[in-house]
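Read the single chain below, which is given as structure tokens and is the form predicted alone.
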């Protein structure tokens, strides 16, 4: 074992977006450790045969002026705004996102059921479980009515989360699920509405290089970054971190972005209650099928949602419509996302075959000869499942960690549903908190 002399002020474990943001905002007195041979975590891109594929769909949305100014400063001209073109494919038709504001083009019986259900929901007395204390299915029915719930919200969220929406709480929803006015919904039922709803109506993406450009921009501004440093033990009692290469680092304070289930495997002698809290955490995984297509006329859409069980993926995205730099000339790149979990298993070979079959049925691929590259990615930690146990379990874990000066942050480190902007801001917040404490 190689033991360091003295204690670093702050250790940061994980050089994904959260760890990089924390390091950037700390400025000094920290060391940043990453188990992979490069920083970035999930905010990385893979380059192959002229294509650039991100680790799943990653886009920047700005609700905070600070984040917008910071990203534009760091990327120095390599960041372009886009007006969202997102769609839903259901009942054999494409309708604009969000479904709850755009029925135009759907069969008349679907439009009628959605409108009547919405009007009944909005004119009936509010139910006691319609708010944050209720489950997600009840919230959907209370807010949108039976039609919208049955035709889109329920099947899509069942497919995405891999569990029944009634088993989800509403704690994750703030700002992520658009709730249009009745007037907007009626307008979107009788015409192609031009109004954009939701936090992602406009998004930003690098002009060149893929989403990893954000990581590279942060990396140029941080110091003391160490890669190939996998943690095998985090001794919270001795305030020491033991790495796979045999080195030991002591700390005064520690920021961890390691996914909570993985963190539980490296902590020492956990109390029974804390160990039980870790065991209650649930999540979805994502199998992403990335394809390079030998055509540039596949679609002009940015991404499409699919609620139907007859299609294996819940969403497709088209990165070449974010940036022409991410594929060779006259080519289209496509990603198709498939959720799975302990509750819903996956046959990955079959998932690839079904993806190609479904894309062919949808007319995005004429035949398999269109495909010149297939690059699957298996992402273990996709989305945190907000079931009835999540909130209490996370509170127990965070309270325990803070006893030892350990602060959990990031999407998987703090076990939260977060946008990239949220992650950047949380890294900033934890850095500022530790700088003055």
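Since we're looking at a predicted model, the values are computed, not measured. Residue numbers count along the first chain shown, from 1.
Quick note: we don't show the form predicted together with a small molecule, though the next part is all about it.
- From the list 141-149, 190-198, 99-107, 227-235, the contact stretch for the small molecule in the predicted complex under a 4.5 Å heavy atom rule is 227-235.
- A residue is said to contact a partner when one of its heavy atoms sits within 4.5 Å of a partner heavy atom; residue 259 meets this definition for the small molecule in the predicted complex.
- Within this chain, residue 286 lines the site of the small molecule in the predicted complex, having a heavy atom no more than 4.5 Å away.
- Contact annotation: residue 418 falls within 4.5 Å of the small molecule in the predicted complex, judged by heavy atom distances.
- Of the heavy atoms in residue 337, some are within 4.5 Å of the small molecule in the predicted complex.
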